[in-house]
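Here we start with a single chain on its own, the form predicted alone, put down as structure tokens.
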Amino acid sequence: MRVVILGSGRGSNAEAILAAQQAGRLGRARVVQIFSDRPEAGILALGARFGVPAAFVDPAPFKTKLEGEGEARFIAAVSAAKPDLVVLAGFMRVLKPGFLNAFAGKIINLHPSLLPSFPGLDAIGQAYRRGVKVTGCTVHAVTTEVDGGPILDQAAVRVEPGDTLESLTARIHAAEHALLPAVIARLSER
């Protein structure tokens, strides 16, 4: 299964996927390309470290969504990699129907809450401020509804007495780093 990763930040989830691949824990999946919408994103440096092509794709003209010329550039770049699965690992743009239709049924996202609770931005902060006792992370199929696609799997993280936002965030990230590669491995065996 050919996997393309899209990300906007430092790439800790992409690194977990690539480390799982290197350790033989990604099933029949193989990451073939990494793309970022930010030329300075740390995720791009992972390419050289793990021997996977990594490239910036210009997302202009919008800052928070992918449509118009930017969407066309992303569709062309991702299509060229011939993916069986497109993994959004910290990709901070809302995908529009053009991209979703180009890769229908092939896009998954990792979200740092137990969906359907706390969709959208700052999910960990939302859960922390609400005072929930259990939060976590979700891998879901991507649809036109932001963080609303069918849930593929979840990992729960208990909020401990004395947790700070930082300590809770660190534990949720650790859960993400285990969950996302496991889901990809399972999908590769189908």
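From 1 onward, residues are counted along the sequence shown. All of these numbers come straight from a predicted model, not from anything done at the bench.
Although not depicted, the form predicted in complex with glycinamide ribonucleotide (GAR) is the subject of the following passage.
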Go through Ala72, Ala80, Ala104, Met92 and name the one with a heavy atom inside 4.5 Å of glycinamide ribonucleotide (GAR) in the predicted bound form.
Met92
Residue-level contact is defined here as any heavy atom of the residue lying within 4.5 Å of glycinamide ribonucleotide (GAR) in the predicted bound form; does Gly11 satisfy this criterion?
yes
Is there any non-hydrogen atom of Leu110 lying within 4.5 Å of glycinamide ribonucleotide (GAR) in the predicted bound form?
yes
Can you tell me if Arg171 lies within 4.5 angstroms of glycinamide ribonucleotide (GAR) in the predicted bound form, counting non-hydrogen atoms only?
no
